[in-house]
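Here we start with a single chain on its own, the form predicted on its own, put down as structure tokens.
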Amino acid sequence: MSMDISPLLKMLVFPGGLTLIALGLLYEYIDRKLVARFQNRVGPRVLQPLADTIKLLAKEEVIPAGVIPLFFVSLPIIAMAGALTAGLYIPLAGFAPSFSLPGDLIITVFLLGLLTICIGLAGANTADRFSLLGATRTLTQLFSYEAPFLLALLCPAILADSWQISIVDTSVTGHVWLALPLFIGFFVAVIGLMGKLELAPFDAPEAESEIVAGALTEYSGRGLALFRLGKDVELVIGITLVSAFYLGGLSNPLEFLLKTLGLLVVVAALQALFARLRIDQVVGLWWRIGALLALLQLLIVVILKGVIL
């Protein structure tokens, strides 16, 4: 009896596994290069993210004293697995998702948040003061952007009458640039994504000038490499979601590249434009403003849809 290996190839090669990792490294390079050019610097070489990853994977993983070894080793693996699994539900490169089911938008957002939770737990698992402070900031900041980001993605989902990513991507939201009429939701989604990835100016949890590497200060070798790769994969997934929902959908590879790279330019410009915010500014301001703006946009969408229908 023959065995169907297509699901295995989808998970390991495309659109999961190797493809997501390769795209993550490429988009990390583009992001770092753009920020550098905006700041009048040269920036990294093309293969620098790959070289950094290989170097970390080749290094010895040091397990510090005072940690729970099982947690210390398994948390990076869980974080990476969650990020890669989330990639199976998105229209990567403009193709249909490998797996699709009603409500997979909520599953994807949860899996994206799993990386942040694992980073927070990784920092809390150590006795290092910088790791503990970074973990506190990471988990505190999680509450400030997670709800606004989800609410911003729900606006196109409500218009499409579905919380299934593939349906939202190919419905009416896949033919109209909702970033124009629903500019509030688009703004909240982009800022929420930057907070989720802890990009400047929302990089207080890993501020190298204050707390070294934040929650990951004690990590080295394979563990640090997996956490960094998880963030790269999450960058690709987040930009793909926002592009599919607010920039007219993703119907082919060329459209995928143009829209996601265009959005990446916006994200890089915002990183170069603003200085780092303090953690109290992120939580205090964005939790109030971001959540209220997202709720306002959601209310407008519900009212307008009710009037039209």
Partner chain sequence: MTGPHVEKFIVPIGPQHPALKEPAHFEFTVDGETVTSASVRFGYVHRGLEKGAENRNWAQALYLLERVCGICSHAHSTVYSLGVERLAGVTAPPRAQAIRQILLELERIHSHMLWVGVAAHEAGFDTLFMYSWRDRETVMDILESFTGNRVNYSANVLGGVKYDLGPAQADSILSGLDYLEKRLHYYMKVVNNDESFLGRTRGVGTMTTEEAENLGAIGPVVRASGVSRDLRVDAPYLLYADFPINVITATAGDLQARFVVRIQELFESTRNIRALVEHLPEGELAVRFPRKVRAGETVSRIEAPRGGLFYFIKSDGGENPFRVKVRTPSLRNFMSVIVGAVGHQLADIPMILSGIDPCFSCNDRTVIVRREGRDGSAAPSESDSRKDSSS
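Numbering follows the first chain given and starts at 1. Just so we're clear, the structure is a prediction, and the values are computed from it rather than from any experiment.
Omitted here: the form predicted together with its partner chain. The next part is about that form.
Peer 1: State yes or no: in the predicted bound form, is some non-hydrogen atom of Glu60 no more than 4.5 angstroms from a non-hydrogen atom of its partner chain?
Peer 2: It does not: once its partner chain is placed as it appears in the predicted bound form, Glu60 has no heavy atom within 4.5 Å of it.
Peer 1: Mark Asn40 yes when one of its heavy atoms lies within 4.5 Å of a heavy atom of its partner chain in the predicted bound form, and no otherwise.
Peer 2: Looking in the predicted bound form, residue contacts with its partner chain include Asn40, since a heavy atom lies within 4.5 Å.
Peer 1: Would you please decide whether Arg276 lies within 4.5 angstroms of its partner chain in the predicted bound form, comparing each non-hydrogen atom pair?
Peer 2: Arg276 belongs to the contact set for its partner chain.
Peer 1: Decide whether Gln48 counts as a contact residue for its partner chain in the predicted bound form under a heavy atom distance cut-off of 4.5 Å.
Peer 2: Gln48: no, not in contact with its partner chain in the predicted bound form.
Peer 1: Pick from Phe186, Phe72, Phe130, Tyr89: which has a non-hydrogen atom within 4.5 Å of its partner chain in the predicted bound form?
Peer 2: So the residue touching its partner chain in the predicted bound form, by this definition, is Phe130.
Peer 1: I need to confirm a contact call. Of Val176, Ile107, Val212, Ala81, which residue comes within 4.5 Å of its partner chain in the predicted bound form, counting heavy atoms only?
Peer 2: Going through each option in turn, the one that passes is Val212.
Peer 1: Counting only non-hydrogen atoms and a 4.5 Å threshold, tell me whether Leu154, Asp161 and Lys259 all contact its partner chain in the predicted bound form.
Peer 2: None of them does, since no heavy atom lies within 4.5 Å of the partner.
Peer 1: Among 277 to 285, 238 to 246, 61 to 69, 25 to 33, which stretch sits within 4.5 Å of its partner chain in the predicted bound form, heavy atoms only?
Peer 2: Only one stretch passes the 4.5 Å heavy-atom test: 277 to 285.
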